[in-house]
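Provided below as structure tokens are two forms of one protein chain, presented individually as structure 1 and structure 2.
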Structure 1
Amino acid sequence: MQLSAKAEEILEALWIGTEERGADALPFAGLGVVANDDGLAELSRLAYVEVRGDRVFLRQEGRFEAMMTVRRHRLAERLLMDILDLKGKKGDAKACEFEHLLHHGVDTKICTLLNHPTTCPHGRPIPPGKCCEEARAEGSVGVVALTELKAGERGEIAYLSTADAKKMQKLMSMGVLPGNQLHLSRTFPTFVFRVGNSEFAVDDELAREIFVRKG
């Protein structure tokens, strides 16, 4: 069953307060709730939290759900800020609404799309999900920008990220097309790589637009 938005907010605040800030519990005031809050009641019913006096404790049973809630929130932040370019207060506000939609595997898909990020835009850790563990176990690094490759590594060009049509054409005219194999031979003073039987030099700015699947 799915938790209400209010319950998710409480779980999230509890996780941050206890796991990340080291408190053992949070007072009602710290969670922004009153004693007869619906969300709190919902969580108590599931035995995710325990209320003692005016303090709320996160129970062992609720830990996993809390962690996943935090994960969804921070993934939402990454998605909004990195991909949709919504920054600042507006981004934060939208992320709070957005996170409640990331259920039923949507979070996994977004996590994979973002290449399993480990921190949110504010620098706080994103708890790893099952997909992250699997990717780590397989040693798959997914798709990275050319600037992330080391000299001597090769990969298959996955996509070009530039929105600038001229840049796109330059790259394509060099044979930098998805599906082609690329072998990086230098990263300094410029990026030097081989596609097919030709060698090219590009600066950081263009290299950042080329995304490759390592391997």
Structure 2
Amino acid sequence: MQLSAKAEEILEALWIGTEERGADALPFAGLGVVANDDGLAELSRLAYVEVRGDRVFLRQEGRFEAMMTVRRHRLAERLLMDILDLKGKKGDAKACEFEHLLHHGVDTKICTLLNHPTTCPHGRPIPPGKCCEEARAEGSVGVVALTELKAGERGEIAYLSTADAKKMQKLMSMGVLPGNQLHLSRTFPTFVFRVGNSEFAVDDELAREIFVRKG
């Protein structure tokens, strides 16, 4: 059964608050709900959450669905911001709308299209799906920002996420183009990497806009 958009938003907030930020529960105010909220009632009927006073707890029965809701949202962010170039508040708003459409295998198709990214554009982890586990078993670990690589690792440049023409021109002049191989030699104080026979250094901000397929 597919949940309502409101119920999914509550689950997403609960997962982030409890699993990623360490809270044991979230108050009504933190979830943007009231005691008789329809989405909250829907989750309570399914035993996905438990309400105690004005605090909402994520039950074990709801953890998987909450995790998959977060996964769909962050995949939507990757698609809209990286591929469709919708960034900032506009990209965030559209991702919130689009995530509710990624059901019945659509999320798997998008994840595969993006080559199983491990983080969202904001650097937060994307919970892996079965397709990610299968890809890793086959030796394909997905596309990550250059900042996610460790010194000594290498990969194939997948795409550049910057919409800034000057940044794009700078990267292209370095040979940072999709399909080229990149070898990272240092991560501090700058990211130093080699493309072909040339070595370059970029700051953290620019490194976050270079995405590579590890391996």
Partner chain sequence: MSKPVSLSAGVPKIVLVGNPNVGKSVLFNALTGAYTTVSNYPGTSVEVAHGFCDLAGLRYEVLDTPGMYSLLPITEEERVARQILLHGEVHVVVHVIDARNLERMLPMTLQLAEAGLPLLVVVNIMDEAERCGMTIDLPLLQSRLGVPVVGAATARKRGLAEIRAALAAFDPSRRPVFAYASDLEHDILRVAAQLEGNYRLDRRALALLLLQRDEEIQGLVAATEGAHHAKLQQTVNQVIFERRVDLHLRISLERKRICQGLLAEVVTQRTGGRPSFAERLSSWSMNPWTGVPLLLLVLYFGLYKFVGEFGAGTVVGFLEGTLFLEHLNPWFIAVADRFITWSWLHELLVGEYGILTLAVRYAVALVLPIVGTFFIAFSILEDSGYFPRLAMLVDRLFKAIGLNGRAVIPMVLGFGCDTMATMVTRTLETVRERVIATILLALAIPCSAQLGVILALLSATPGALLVWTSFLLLIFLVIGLLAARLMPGERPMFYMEIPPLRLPQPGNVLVKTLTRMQWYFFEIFPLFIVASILLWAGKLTGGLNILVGWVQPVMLSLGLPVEAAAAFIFGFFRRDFGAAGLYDLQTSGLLSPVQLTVAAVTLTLFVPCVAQFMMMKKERGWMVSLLIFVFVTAIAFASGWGLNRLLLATGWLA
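Given the structure is predicted, the values throughout are model-derived calculations rather than measurements. Numbers given to residues start at 1 and step along the sequence of structure 1. Rigid core: the largest C-alpha set superposing within 1.5 Å between the two forms.
For this pair of chain forms, which number matches the form predicted on its own?
Answer to the question: structure 2 is the form predicted on its own, whereas structure 1 comes from elsewhere.
Core fit, then E153 C-alpha moves 2 Å or more between structure 1 and structure 2
After core superposition, the C-alpha of E153 moves 2 Å or more between structure 1 and structure 2.
Aligning on the rigid core, do we see the C-alpha of G53 shift 2 angstroms or more between structure 1 and structure 2?
Not so; G53 is displaced by less than 2 Å.
Following rigid core alignment, is the displacement of the L182 C-alpha between structure 1 and structure 2 equal to or greater than 2 angstroms?
Yes.
Given the rigid core as reference frame, how large is the C-alpha shift of L206 between structure 1 and structure 2? Answer in angstrom.
After core superposition, the C-alpha of L206 moves 17.9 Å between structure 1 and structure 2.
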